[in-house]
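What follows is a single chain, given as structure tokens, in the form predicted alone.
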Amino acid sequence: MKTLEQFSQEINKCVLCGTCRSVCPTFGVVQREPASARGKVALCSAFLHNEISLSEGFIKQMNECVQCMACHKACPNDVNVPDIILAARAEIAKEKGLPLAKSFILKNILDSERIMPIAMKFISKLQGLLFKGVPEESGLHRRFPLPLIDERRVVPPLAEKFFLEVRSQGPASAGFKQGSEVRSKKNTLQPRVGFFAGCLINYMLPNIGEASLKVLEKAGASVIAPLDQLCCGMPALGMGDVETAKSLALKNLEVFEQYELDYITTACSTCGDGLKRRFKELLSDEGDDIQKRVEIFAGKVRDITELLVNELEFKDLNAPISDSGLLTPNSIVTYHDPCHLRRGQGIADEPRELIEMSGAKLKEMEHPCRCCGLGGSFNITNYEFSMAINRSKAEDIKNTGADIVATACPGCMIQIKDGLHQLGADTKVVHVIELLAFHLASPLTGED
């Protein structure tokens, strides 16, 4: 990873034209220059020239960025502001250290294949005491004041059984292998696909993982999900903890290298951007051998929508859907472009193709690639700010009149669901892959 000093030439490319201000979601809320991408670049330049220090004000501005990459895409000089900000956060973490709670979670829980599942299981047992259910939203509200949990926030519940936990207990007769992987078909003629679950799918939304396996197998793939895979490390990187992110990248590299895979896929756009792009940056100074290995690894990574459409050539299901459940013949679906998918990976058409294959009618919202405001831990540390950004997205979705909003990122799903709840909209929020899986399960398709 480049240091802030190594970004000095990139910083000098900024001519302060202000194009970024029109697309920056944080500037759009507060309308203050330091909140804009241009303002943050100017602050980083001033820091490098010893004109300012790592003050609380500087730290605040660097943390108030959702890493949506809109500024980079809009910049006429191609200034990579998101990476400059990540380098600034790494500088802050190096010089000032992380808050004790964050440091403990990142280094002792997130970076442990044993402690992380145990910690999440313990929390799942307590959630009924701390939160009350919101059945219509499939979420939770706090019962009493809790740190960093706003009284209005809809908190996604932890699953009773985690995705990898459920699959590891499957019967051998169903193609499961105890202790090492989720499933592995023996047909060597099929493309071998490694499935990277990610934290949100594993611990909160295992139904997306189940749907992914079902659709991938329907598309003719042999699917393997290693049980010892870890967090992709993007939360650590976003907080400036480069060493933990690097450690996680190395561990995941070693885990997936154990299998002879044609592709590695994920249903989380943030994880996908990390596996494809950030792993190479994080491990760029680890020697030639590691660099070659990570290049091979990253070259196999595909978002699940990209894999289905472009590599596995998943075809139109060409079957009617039942007039009940999630989808009906008249269902209208709008689509939200995750920032890490459209801008980070350049993937926009493939999810839309899959939505149309599901039998739903796609209706575009006015600003489909406007950031939802999640921004990783930004939603936790700056909830009001985050939801102010989200409000425009929620209103855009509501204005379409769609029954369902689909996206390709579990994090966006959680954020959008919260925003729609606060707006009083009853639009269902699903992953694109869930639409396909539902169609496959529809009685009229002849599938089960």
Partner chain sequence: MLSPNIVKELTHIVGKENIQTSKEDLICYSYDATNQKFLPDAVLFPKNADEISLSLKLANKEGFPVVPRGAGSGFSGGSLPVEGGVVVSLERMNKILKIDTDNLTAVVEPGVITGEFQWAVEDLGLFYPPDPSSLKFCTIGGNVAECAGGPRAIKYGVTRDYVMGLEVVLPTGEIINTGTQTIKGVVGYDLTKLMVGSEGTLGIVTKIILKLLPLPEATKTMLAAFPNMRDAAKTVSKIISSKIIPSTLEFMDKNSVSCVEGYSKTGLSTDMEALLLIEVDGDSGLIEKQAETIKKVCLDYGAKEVRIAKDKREAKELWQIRRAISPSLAKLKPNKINEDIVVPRSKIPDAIIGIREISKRYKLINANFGHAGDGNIHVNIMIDKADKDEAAMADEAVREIFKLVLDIGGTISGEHGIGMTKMPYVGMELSKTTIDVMKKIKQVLDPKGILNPGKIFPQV
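Positions refer to the first chain, counted from 1. What you are looking at is a predicted structure, and each value in this text was computed from that prediction instead of being measured.
Only in words, not in the display: the form predicted together with its partner chain, which the text now covers.
Trainee: Tell me, which of I404, M69, L48, A42 has a heavy atom within 4.5 angstroms of its partner chain in the predicted bound form?
Mentor: Contact residue from the list: A42.
Trainee: Could you work out which of Q291, N77, Q258, T328 is the residue within 4.5 angstroms of its partner chain in the predicted bound form, going by heavy atoms?
Mentor: So the residue touching its partner chain in the predicted bound form, by this definition, is N77.
Trainee: Do all of L16, E33 and S55 end up near its partner chain in the predicted bound form, with near meaning a heavy atom within 4.5 Å?
Mentor: Checked in the predicted bound form: all three residues contact its partner chain.
Trainee: Within 4.5 Å, heavy atoms only, one stretch in 34-42, 411-419, 381-389, 394-402 touches its partner chain in the predicted bound form. Which?
Mentor: Result of the contact check: 34-42.
Trainee: Would R21 count as a contact of its partner chain in the predicted bound form, using a 4.5 angstroms cut-off between non-hydrogen atoms?
Mentor: Contact check for R21: yes, within 4.5 Å of its partner chain in the predicted bound form.
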